[in-house]
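First, one chain by itself: the form predicted on its own, in structure tokens.
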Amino acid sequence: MEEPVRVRATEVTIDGPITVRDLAERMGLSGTELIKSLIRLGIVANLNQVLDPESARVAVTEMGVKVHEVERAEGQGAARPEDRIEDEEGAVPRPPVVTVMGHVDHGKTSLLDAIRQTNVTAGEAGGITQHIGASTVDWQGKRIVFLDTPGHEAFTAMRARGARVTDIAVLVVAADDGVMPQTIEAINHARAAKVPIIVALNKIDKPNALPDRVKKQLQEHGLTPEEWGGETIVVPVSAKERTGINDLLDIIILVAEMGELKANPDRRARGIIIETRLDKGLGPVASVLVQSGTLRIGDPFVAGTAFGRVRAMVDDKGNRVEEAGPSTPVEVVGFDELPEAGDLFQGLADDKMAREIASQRDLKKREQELGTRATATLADFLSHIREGEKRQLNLVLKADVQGSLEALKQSFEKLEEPEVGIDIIHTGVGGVTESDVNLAKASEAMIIAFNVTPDASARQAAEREKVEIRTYRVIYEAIGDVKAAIKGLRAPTFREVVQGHAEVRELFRIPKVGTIAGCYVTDGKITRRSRIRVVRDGIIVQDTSIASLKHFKDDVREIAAGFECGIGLENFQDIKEGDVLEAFTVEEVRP
């Protein structure tokens, strides 16, 4: 009798304990195939053995099959806990997790301190909290969890690793200063993460506070206050005077209730690594925000490529605890190695399974590092169009002046085709920063840089995260490349390869020759045939070629990093000390 042809499933539903036989049928595998796969994951089972739901879910996701319509987090292998639908019996309301963001010096840290002190009871010793990356506040009989790493950089770095850690973003804006560049970045980062934004209008006690002016600025960036007919709640506060803090906590509780945040405590723990440290006596220690389920002493677990068993747990007040339920931050002792912030934490059935999954992930990670490719490039995008997939092109735009930025933004918004969408995640004036690269990575976006260049840390981050940064000097070239790609006509035919950078340290005026820049090559190399960008404070002031390249008095073909040289530029004399010369070549890319 012939064995029936099996079609392997791409998605399965696991709604309770299940036998290996039934799971194999749902997955479209033979019982033998599934048993072999389970053994590789450290689970020894026969056809009639019953798997608990958590072990079955982890095993299935590690085998590359979806569970409950939840995509695997890239590079992690486990289903994202924040996206899993908590529709099972036993799901109960959980406390909200809040991130405080905003411009530097607008009072993020002061506000967190004020909130903690509001919560201090007479019995606490000065309200001293354990630094575990998050703190809990009890208000009106309900609990709120605040992440202690203010700023959108940490927030986005976690999101880039497939982790959604926040339920609500509190945007701190100083009433005397208004909306600043980092405020706009924070707004865009929170929007990209699709979390509700509450505005805390801080420093309202200052005599030069202009709340209405700030509200108008917020409205210009899409955050219209409720009293002006919008949906954004703006709460006036003073971290210094401790006023408005109670109102802010009330609003956070209200927004959380509207979000109907729920989790099931009666399952194995899932969560996010929020901080890590190496302790001399305890070894690798990590702060875990439990998002669903309950974590107990003795539980085996896996987090990224690290695994272990919970030996001890400490809460944010420094108390040793035996268990931690949903929306509870705890410091966990028992890791075999330091995981990374943003790694997904998963409680498991046994140590062997944890060890096998960590080992497999480590192997996958090495393979990905060897054969990795860009997050989002125009060439990738074009291939998706040709394959008939509906695709959205996400862009981060940076330019030298606001006028160029507006022109680019408006031009791109007009380019949308029926089968393609363009979403501009973030815009900003100035050079490309590491924060821009992190946002592009998290949003699967590419960066368009007009008349500006990435700084050293941004270049390194882009190379590491495989984020494409395309630099343009002519606005129509940028528009033309994207337009051609979304129409599926052609891939971009040229690309720039940065060769190196040199810093201008001294200027020499030579009669009949002009200005020669005495430079120090900081990285890479400068060649006689290189094109040169003159970059001043992150802005491109000239794009030209080399007229002369000398080492002392000798003409040379190239200069490597660590050496000094004299560089003369074609048709450009307005060079200044402190300028950076970026050497690059333009290569043709075959379609």
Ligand code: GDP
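From 1 onward, residues are counted along the sequence shown. Model, not experiment: these values are computed from the prediction.
One more form of this protein, predicted in complex with guanosine-5'-diphosphate, exists but is not displayed; see below.
In summary, the binding site of this form is open: after superposition of the surrounding C-alphas, guanosine-5'-diphosphate from its pose in the predicted complex has no atom within 2.4 Å of backbone or C-beta atoms. Judged by heavy atoms within 4.5 Å of guanosine-5'-diphosphate in the predicted complex, the contact stretch among the candidates 284 to 292, 268 to 276, 254 to 262, 204 to 212 is 204 to 212. Only one of Leu348, Ala239, Val432, Val98 lies close to guanosine-5'-diphosphate in the predicted complex, with a heavy atom inside 4.5 Å, and it is Ala239. This chain lacks the partner; the member of Gln219, Asn246, Thr515, Thr109 within 4.5 angstroms of guanosine-5'-diphosphate in the predicted complex by a non-hydrogen atom is Thr109. Not displayed here, guanosine-5'-diphosphate is kept clear of Glu322 by more than 4.5 Å at the level of heavy atoms in the predicted complex.
The closest non-hydrogen atom of Asp105 lies within 4.5 Å of guanosine-5'-diphosphate in the predicted complex.
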